[in-house]
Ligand code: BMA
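Heads up, the chain below is alone and in the form predicted on its own; it's given as structure tokens.
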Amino acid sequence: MRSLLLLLLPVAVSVCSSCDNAPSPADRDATKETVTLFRSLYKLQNNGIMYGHQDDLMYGRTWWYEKDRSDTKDFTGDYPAVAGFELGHLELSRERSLDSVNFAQIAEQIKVHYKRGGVITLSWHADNPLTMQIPDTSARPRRTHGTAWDVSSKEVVASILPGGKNHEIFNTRLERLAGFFAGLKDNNGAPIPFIFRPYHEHSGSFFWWGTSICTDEEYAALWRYTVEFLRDKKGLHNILYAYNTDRVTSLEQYMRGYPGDDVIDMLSLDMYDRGEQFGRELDTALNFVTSEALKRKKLTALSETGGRRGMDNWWSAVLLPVVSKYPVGYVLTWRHTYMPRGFPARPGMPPVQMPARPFPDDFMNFYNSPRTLFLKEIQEEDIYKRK
């Protein structure tokens, strides 16, 4: 097991979980386990960067839902500290997510990872509640019609807020979401705490809640209504809420649509490597995002990122030097699309020959860095204080 080196950054903030002034979740009625998780993560983000991977416990490049399997574990011998799961299509009462993952199995793996001592984060690419009610009668139907990526109408958020024509449809969706959340309990019946990151990448315009698809006021109202529905109406007090944008260049741009400190627990950012300017852009963004988070006593994360194609040493040469400068709680990379060897990407296309290994060799340099934290280090820290 790698030893955990507690290298405090210059901006470190001393946290005492037993002190009255210790940082706490926005929800004043948060469960004891949720408060403990929040305070543990707040302290831990000054000690190192947790690694997270989307759908890591559900499938990999060449396997599908095998007990205790993980691409990260296959490659490093350790699980990711943070396990990400997707809830898109849960709002439609589907059995499987938009990535074809069974929701019952997602719930099972959330419980397993929590029992191991890991962190859970949930995203939600909800289908467009306005356009999915309207058939696409165009001569060439859009592939995005009715999905989270359908940005054909700027009325969608207004239509689901109180007084909107689709408000009750939205309430039904939230009821289904709340039902799933209520079922996430440990073996003793206690609610499992998790990070919820809906309406993500707001600064972009590729989802129906994007910055040019709705107003900042509508976006903030959507956030507040969602939190108040889950927290106040449904009595769910085991959720940490993550505010999130796509790439941004200023704090002013980042805070557009921010719903308020009383409903948000984490300031997070998504940024994928699109070229040589990535390191500078990420450095600039993490500087003001983490500074603002510390000022507001919020958690931080680089909640989605991914490497540059054809760059073999991206993990150690590009990502790690930047994130190591800041109190970034975790870095999460996106899912490994299930693509068995010899499986055609599309009908009529030649078979795709996937790499034999799920990560490049350089990922081990990232893993072995004293600045990165995987599950074994998190278990040592006992972030839920169960020992």
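Numbers for residues come from their place in the sequence shown, where the first is 1. Please read all numbers here as calculations on a predicted model, not as lab measurements.
Not pictured, yet referred to below: the form predicted together with beta-D-mannopyranose (BMA).
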| property | result |
| --- | --- |
| Option from 238 to 246, 177 to 185, 98 to 106, 70 to 78 whose residues, in the predicted bound form, bring a heavy atom within 4.5 Å of beta-D-mannopyranose (BMA) | 98 to 106 |
| Site test, Asp27, Phe196 and Arg231 vs beta-D-mannopyranose (BMA) in the predicted bound form, non-hydrogen atom cutoff 4.5 Å | no |
| Touches beta-D-mannopyranose (BMA) in the predicted bound form: Lys32 (any heavy atom, 4.5 Å) | no |
| Trp334 within 4.5 Å of beta-D-mannopyranose (BMA) in the predicted bound form, heavy atoms | yes |
| 4.5 Å heavy atom contact, His113 to beta-D-mannopyranose (BMA) in the predicted bound form | no |
| Partner proximity in the predicted bound form: Glu86 to beta-D-mannopyranose (BMA), non-hydrogen atom cutoff 4.5 Å | yes |
| Contacts with beta-D-mannopyranose (BMA) in the predicted bound form - residues in 147 to 176 whose heavy atoms fall within 4.5 Å | Trp149 |
